[in-house]
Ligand code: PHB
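So this first bit is one chain, no partners, the form predicted alone, shown in structure tokens.
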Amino acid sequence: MDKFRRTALALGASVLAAGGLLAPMSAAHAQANAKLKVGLMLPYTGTYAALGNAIENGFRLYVTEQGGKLSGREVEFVKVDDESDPSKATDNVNKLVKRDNVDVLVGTVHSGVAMAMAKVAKETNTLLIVPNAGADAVTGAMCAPNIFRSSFSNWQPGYAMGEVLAKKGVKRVATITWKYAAGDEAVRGFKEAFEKGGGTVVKELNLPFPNVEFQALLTDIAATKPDAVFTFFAGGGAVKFVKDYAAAGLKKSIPLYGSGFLTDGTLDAQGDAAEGLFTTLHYADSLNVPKDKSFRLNYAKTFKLQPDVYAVQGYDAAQILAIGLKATNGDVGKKAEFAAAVEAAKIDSPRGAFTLSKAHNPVQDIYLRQVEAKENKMVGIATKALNDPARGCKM
């Protein structure tokens, strides 16, 4: 009996030991097959609501094309309306990270909100993919191995348009934008290239975000009589500005040029007032890119809408996530391996193939576009493979 008892105890101990060895493997296996929680922190109300919806649509389209899973993990979405309000941003992102325990953050549009997201992502080592906000610091001074951008830096489209106008021989330009990070940085990028090319910015005008009372500033532009105006506005503000500029009679006498967000996702509302406008951006409606053709067809079928640059950026945010997860077998904890895979990738985007810099900002062609019959048609490439300088990034 003692011998039987000893044998039973020994067998039990070996089973427990084996269980102890297998437990970590089972946990890892469970983690890799658990739902992937994606926290969408985007504007669903206010000036940028249409942009937030387009980004989500693009992201969901890519996931749907993969059968609803990335690296074998079913995707679950947790949504927060950030209201484009920086004062609420820290609380909102902390809810997603600490309350909802999301695996990855995706957001946002407003640069001030994105900065708060980047700060929390950096502090908590949470994966963050920025599908729009161009705040230079996100891939500059705030850069981190776990932070990526699928869109642009504010510097990029502005810099490209500065080069375009300098090459055209334009000498005197006035600028106008909202007084916030995106507007300030777009103008700085424009000014850097334009002045390098021999031009002069004779007046810098701005108003608080999201104010759209433009009349006094339009009067100032008329009195200044620059050769051209460069502007950064987006969403509902861009609609009103373009209409007001034309209604004031300025469109005929002082050509208006913009960062591409001026006319992306806004053309139906702007109508004839936008016809003929030139803008610079990393996407256009008439690209001869096979990926773009399939993307536009699938997007239109799925959402009964035509896609814009915001939808493309959402789609590519999902692509970046998929590339990193494939390299880590779905494990979001392997940040170094995730980053290495994304940095080495050539991303097959509707905008044309692009790569990510060491600071994790797209290195991409910036197109010169002109509005024609409610489309942003490509005129040519303003700047080839433009790489943001990532000033202040130490990574």
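Residue numbers run from 1 along the displayed sequence. If you're wondering where the values come from, they're calculated on a predicted model, not measured in any experiment.
From this point on, the text means the form predicted together with the ligand, which you will not see here.
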Where, among 289-297, 90-98, 247-255, 226-234, do residues come within 4.5 Å of the ligand in the predicted bound form by heavy atom distance? 226-234
Every residue of F214, F241 and T263 near the ligand in the predicted bound form, heavy atom within 4.5 Å: no
Exactly one residue in L267, I221, A135, A273 has a non-hydrogen atom within 4.5 Å of the ligand in the predicted bound form; which is it? A135
Go through S150, T177, S111, Q156 and name the one with a heavy atom inside 4.5 Å of the ligand in the predicted bound form. S111
My question is simply whether Y315 lines the interface with the ligand in the predicted bound form - judged by any non-hydrogen atom within 4.5 Å. no
State yes or no: in the predicted bound form, is some non-hydrogen atom of Y310 no more than 4.5 angstroms from a non-hydrogen atom of the ligand? yes
Would Y48 sit within 4.5 Å of the ligand in the predicted bound form, counting heavy atoms only? yes
Hey, in the predicted bound form, does L105 get a heavy atom within 4.5 angstroms of the ligand? no
